[in-house]
Ligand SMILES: Nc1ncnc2c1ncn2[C@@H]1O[C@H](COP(=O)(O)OP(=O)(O)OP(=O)(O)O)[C@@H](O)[C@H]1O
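First, one chain by itself: the form predicted on its own, in structure tokens.
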Amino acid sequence: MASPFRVEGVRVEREGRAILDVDSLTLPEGVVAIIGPSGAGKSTMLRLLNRLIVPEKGRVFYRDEDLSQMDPRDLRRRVGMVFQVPIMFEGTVLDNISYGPRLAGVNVDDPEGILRLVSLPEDHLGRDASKLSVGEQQRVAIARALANSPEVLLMDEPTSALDPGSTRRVEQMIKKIGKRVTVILVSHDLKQAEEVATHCVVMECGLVTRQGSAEEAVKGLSWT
């Protein structure tokens, strides 16, 4: 099977200045961490992969299909995204999990199983999503993305707003999910990347400076 994503000659600009400039990058299957200090271009890269950003030049391919030629709705069903701060839709946890499948005209497949995958008890299905803790809401946001049966899950700093206990639970969950679908995770946390990822891409100042196995890629790195 083709690698999930391939980036060729991509440049993204803001006010005439390049904030992302990547000559060539291939992202493999597994759990891939895109890491780097603040302002490195990590989140810009992630949004590029879901066509939330269109580059000034270059092309991005998903399984050898040019993103510019793909229906964005089809792409986003196949490539789910979880943002840094969870936003709950009005209603119950089940309402949130059912949202995507309902738009596609189907029923959610095994909502109890999806909750188990994100380490939430089944009795949460009937709870008001807005009344959950931030850590629980983040897991519901991940469950909502998984309910669409994506091939790839993009995650933008999913633990940055969480306490240490919730962070550990989400990290364990990412490793578990990564056995079923490819996960591409943005993080500035070197320890987290080494713990959960099978492959790391290091970014600084909009450039890819290093990549490889998680253990090798983070060796000798530090930032605040």
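Every value quoted in this text rests on a predicted model; they were computed, and no experiment measured them. Residue positions are given as counts along the sequence shown, with the first one as 1. Superpose the two forms; the largest set of C-alphas matching within 1.5 Å is the rigid core.
Here the subject shifts to the form predicted together with the named molecule, a form of this protein not shown in this document.
Would you mind picking the one in V31, L27, V60, A40 that has a heavy atom within 4.5 Å of the named molecule in the predicted complex?
Residue within 4.5 Å of the partner: A40.
Three-residue site E15, I19 and E157 fully in contact with the named molecule in the predicted complex at 4.5 Å by heavy atom:
Per the other structure, all of E15, I19 and E157 touch the named molecule.
Please pick out the stretch from 171 to 179, 31 to 39, 65 to 73, 189 to 197 that is in contact with the named molecule in the predicted complex, where contact means heavy atoms within 4.5 Å.
Contact criterion met by 31 to 39 only.
How about T92: is it within 4.5 Å of the named molecule in the predicted complex, going by heavy atoms?
Output for T92 is no: heavy atoms all beyond 4.5 Å of the named molecule.
Classify T44 as contacting or not contacting the named molecule in the predicted complex by the rule of any non-hydrogen atom within 4.5 angstroms, answering yes or no.
Flag for T44 set to yes.
Spell out, yes or no, whether the shortest heavy atom distance between S149 and the named molecule in the predicted complex is within 4.5 Å.
Because no heavy atom of S149 falls inside 4.5 Å of the named molecule in the predicted complex, the answer is no.
So, in the predicted complex, is Q84 in contact with the named molecule at a 4.5 angstroms heavy atom limit?
Q84: yes, in contact with the named molecule in the predicted complex.
Since the partner is left out here, which residues of 184 to 214 would have a heavy atom within 4.5 Å of the named molecule in the predicted complex?
Heavy-atom contacts within 4.5 Å come from no residue here.
With both forms fit on the core, has V85 moved 2 Å or more by CA between this form and the one not shown?
Indeed, V85 is displaced by 2 Å or more.
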